[in-house]
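Look below for two forms of one protein chain, each set out as structure tokens: first structure 1, then structure 2.
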Structure 1
Amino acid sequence: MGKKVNNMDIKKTLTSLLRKRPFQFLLVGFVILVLLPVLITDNFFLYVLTLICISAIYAASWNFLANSGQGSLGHAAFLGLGGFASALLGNSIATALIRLLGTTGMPIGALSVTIQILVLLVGGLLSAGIGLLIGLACVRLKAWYLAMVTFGFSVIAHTLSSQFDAITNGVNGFAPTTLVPRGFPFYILVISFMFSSISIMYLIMKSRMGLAFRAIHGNEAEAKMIGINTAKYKLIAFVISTFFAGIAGGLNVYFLRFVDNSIFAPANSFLPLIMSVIGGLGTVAGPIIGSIFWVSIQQILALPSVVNSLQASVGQYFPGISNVGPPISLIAIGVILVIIVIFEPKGLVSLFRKIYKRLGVETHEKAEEKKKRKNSVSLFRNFYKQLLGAKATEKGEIKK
């Protein structure tokens, strides 16, 4: 019993802290993330961690749009737009600077970091600008129709980037000039972007505007009825979401040091959806948990040791292909996806909540439910008592 109370105390203080000082919490998280690669100095670990953070921004941007009741199946268009725009702009600025300074390579310093941040923001803004135009076409559309139109735009973006190859170099692809060195410095850049973008999206969702988004998500007709300009708010959500998707695209390109038109592939459009649903749709933590889970499971299954052991054990049964490792890993990923949805349809967030509940603490909802049940039980009992009492007196009367 004592343990239970102790847990309850911890939970209460944690929740109140989270409510009262969310930014201190964020700061602690930031420091932990900065310290992680310092404590575990491993290049592969740092690589996966950076990839997780970039994916988290991308997934959060998709999740933000989904929170306003719009499901996009073409977010790869904005990922690619942001990526191409920032890489092309960064490269042309770098060439101009190198010519101006007369150096052989791009000097790394405060200037290059500023340029890096600037081109990422420009990539995001361009993506948001195109997002505004596409959003204008989409405000009347709903559900599947919207999904298909956004998907169509990603197909068109792919074609355009191949067609205007002279400008984009999209067919063969190219590498962006290094502005922030690979490794720890780039990681710091990524986590700063992640914290600021996720906090901005969180603050918007908590504001009046976020309330309007959620109202539209709940029921668009009703939202319109109570005087929300649904077209305007849907458009705003679209623009904000595509802005962050563009930033994620720029970070992705500068991290992988390569961009070609395969960035517009449908798989990239489905990625944020997978991560958001795995984590828990419509929650702040969902996209983050989802990207941690998804990226790490993909990286683990693609590890050379895993792939090689698979080839050694079952390779002989499938003579048609040279290496059975990757397809078997991908089948495993597919099975995991299906199992998660069947058994945990509200995402991993709900799994964590269940564990949290098991710790012996009552959530607000559950306490409320219990109270209600108690009320109804006592109501029923009173009613029954009265009934019995009436019967008793009736009997008594008969006896008399």
Structure 2
Amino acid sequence: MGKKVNNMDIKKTLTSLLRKRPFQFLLVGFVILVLLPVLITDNFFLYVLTLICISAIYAASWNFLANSGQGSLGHAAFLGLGGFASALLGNSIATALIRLLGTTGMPIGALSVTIQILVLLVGGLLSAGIGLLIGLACVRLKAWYLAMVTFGFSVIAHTLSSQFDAITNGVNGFAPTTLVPRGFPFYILVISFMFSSISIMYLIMKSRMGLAFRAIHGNEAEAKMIGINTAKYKLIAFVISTFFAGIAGGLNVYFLRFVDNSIFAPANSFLPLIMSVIGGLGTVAGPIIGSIFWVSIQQILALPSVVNSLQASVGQYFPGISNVGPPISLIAIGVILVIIVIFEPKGLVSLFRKIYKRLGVETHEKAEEKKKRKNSVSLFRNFYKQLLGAKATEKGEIKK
């Protein structure tokens, strides 16, 4: 009986989950991402898509932390820890296997894919472990004080990776051993991690734990008053966020086929914040939309044809720069970010919702709400008619 009840509960949970619009969007998005490289066979397009998916995991990890009322300005530390740990561990395992098998290189197959997944998870766990230690010391701090602590930690991590160069080779950098071939196979691995990571974070936010996170985000003092252990839940949120940031770091390193201490750069700490704000803080789609926007602009402006046209048109205003693409992209991103923050503070998600409404398309939830309202109005009308009819019969009986 117990097993049957559990199976019924699982079926109900899955059914309710599949009916939810954000999860449906995730499933549809996953299918589209799988099919796109098949329909558009272009290496540059595949490169950009892969980078977008990795950035989406990184931005979603920061967004998850923000949903618990916390902020981080040093997420690059966990991105770098995950990247370095995955690469170093992968190289060690690959070297041992090559010696054991007596081959000249790492054989690509099911074993190498399994090793790739394991080293990525270990990189994430190491980042989460360091996040736990930092969280235990600092999680009681207010949001932006914690953000400053994490920023300081990212600076320390950058320095230590240079000082212990014999272990990390952080100054000159190194290439991780290829475990999954670059291109479509690695892309499938990335979108699988993206779908599973964002789905897990979404499910957590919809659980009782997520309710606690939202309560802390809304008002920490009131959350304490109703009995929520705010320090405990903030620590859990911090550890989960750093775990997914570490996975994003590992994927980034194996995708670029190189890692050095520049991964700890402060600019990488601000990236998830920028992508989340552009897309929409506190939403499932926000980090994904933000990463599409950010990566697309950067990669398009880096194309040789675009660089040449920009150089010809505005290169005179940047005489000391041979490639004006990066400065122009930064100016464009800065202007767009200012416009979004001022005119659309809830991000591009909010803008798309407004367009969606103006087109006259109703969401499933709103349609259900309208049905309920209509039903309640009709019930009230029937009740009112019955009441009037009862009063009329009473008056007739009194007259008689």
Partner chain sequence: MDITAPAIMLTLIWGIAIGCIYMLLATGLNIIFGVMKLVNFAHGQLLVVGAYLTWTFSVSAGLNAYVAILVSMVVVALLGIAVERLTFRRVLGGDKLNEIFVSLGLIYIFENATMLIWGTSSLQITSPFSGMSLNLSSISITYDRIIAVFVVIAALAAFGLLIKKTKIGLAMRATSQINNTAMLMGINVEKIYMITFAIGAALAAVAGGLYGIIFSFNYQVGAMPTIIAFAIIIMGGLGSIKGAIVGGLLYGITEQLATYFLNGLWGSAVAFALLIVVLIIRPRGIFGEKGE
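Take the two forms, superpose them, and find the largest set of C-alpha atoms that agree within 1.5 Å; that set is the rigid core. On a predicted model such as this, the values are computed, not experimentally measured, just so you know. For numbering, take structure 1's sequence and count from 1.
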Exercise. Pick one: which is the form predicted in complex with the partner chain?
Worked result: 1
Exercise. Aligning on the rigid core, what is the distance the CA of Gly29 moves between structure 1 and structure 2, in angstrom?
Worked result: 2.8
